[in-house]
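The chain below stands alone and is given in structure tokens; this is the form predicted on its own.
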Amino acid sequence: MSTPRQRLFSAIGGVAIDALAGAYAGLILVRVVVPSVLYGAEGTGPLSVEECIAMALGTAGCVLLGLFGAGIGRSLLERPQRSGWQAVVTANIGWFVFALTVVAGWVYARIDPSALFSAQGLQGAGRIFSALLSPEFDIIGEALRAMVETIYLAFMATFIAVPFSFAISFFCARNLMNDAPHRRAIYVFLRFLTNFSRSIEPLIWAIVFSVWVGIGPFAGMLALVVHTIASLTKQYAEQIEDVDHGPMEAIAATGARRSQVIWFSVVPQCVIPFLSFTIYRWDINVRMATIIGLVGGGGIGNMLIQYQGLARWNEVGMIVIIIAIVVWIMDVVSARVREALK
């Protein structure tokens, strides 16, 4: 049973979502869909008067429908059981917004299937693929040394990130932090911080740390550490939120402290999933470390960008083959270990 405060927040959130959906639909329709159909290009520059009017009309329409029980905002927040015209209108609004998004994505991505079959494009792709399939074996020793550096770079990033992720995850679990205002504040702050860190690609973090500590493997490792902490914290916290609350209540009934309740009831339920997440993350970090090397993060990515910049595609082919083999081996090994932990 929801409280009056929860119903108020749900109502306000529903109106906000309806308003945003309406403004988004009106803007995309007038700025992207209609110009691309009529003129073959999306709108550019600042918002025009027509686009502002379309956003206002879309906002007003969706909010009005929401007040009559047919908005998508309340459906997302409360998931009420609807029937009749409200259910039909809500579903149609959702599909309409989704269809506009697909069209806008097609326009902004400038998708042109015919370009895949142009004679010039096919000729250029053929040259590159023929070179990639004729690898230069003279660099295999250097490439293997760089690949080893990449693997250890990913391992150290995972090793350093795990303790931080483990500690932070308990403060990012809603079921553990929702019983007091100060705990909710900590939860919101840490969730925002980890979501922000995770939203920035490791490639960007590598650029930052390359300027900070200098170009090399250390910068690449730090970039992976930041992204791994944020990603593992999210996975760990979601696992903590899914634990069985029975053992928690039983241990709490004995008069145990909060830390004891968490350590003896939550942690045992999460150890195996945490290990599985960690091994899978190392697998991901090996792949990411390859890309991070493109901006000076060390490892085989440095070699790849050097030979690619010189258009030496035979050497690039050798590097790509080594990367593919190592990633395949890592994927098989990590899958076997995760199965053994279940």
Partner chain sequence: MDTLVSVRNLSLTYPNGYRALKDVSFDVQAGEFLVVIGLSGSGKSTLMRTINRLLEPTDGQVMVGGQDVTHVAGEALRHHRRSIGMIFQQFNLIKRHSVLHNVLYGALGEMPAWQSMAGRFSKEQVDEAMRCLEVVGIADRCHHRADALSGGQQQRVAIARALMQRPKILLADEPVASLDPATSHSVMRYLEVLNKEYGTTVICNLHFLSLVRQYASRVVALKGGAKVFEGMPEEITEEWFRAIYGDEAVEVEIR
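Remember, predicted model here, so these are calculated numbers, not experimental data. Numbering follows the first chain given and starts at 1.
Beyond what is shown, the protein has a form predicted in complex with the partner chain; the following relates to that form.
- Only one segment in the set 95-103, 140-148, 263-271, 117-125 has any non-hydrogen atom within 4.5 angstroms of the partner chain in the model of the complex, and it is 263-271.
- Of the candidates 181, 163, 113, 255, 255 is the one whose heavy atoms come within 4.5 Å of the partner chain in the model of the complex; the others do not.
- For the options 250, 132, 188, 88, the one in contact with the partner chain in the model of the complex, meaning a heavy atom within 4.5 Å, is 250.
- For the chain shown alone, residue 246 is a contact residue for the partner chain in the model of the complex, at least one non-hydrogen atom being within 4.5 angstroms.
- With a 4.5 Å cutoff on heavy atoms, residue 199 does not count as touching the partner chain in the model of the complex; it lies far away.
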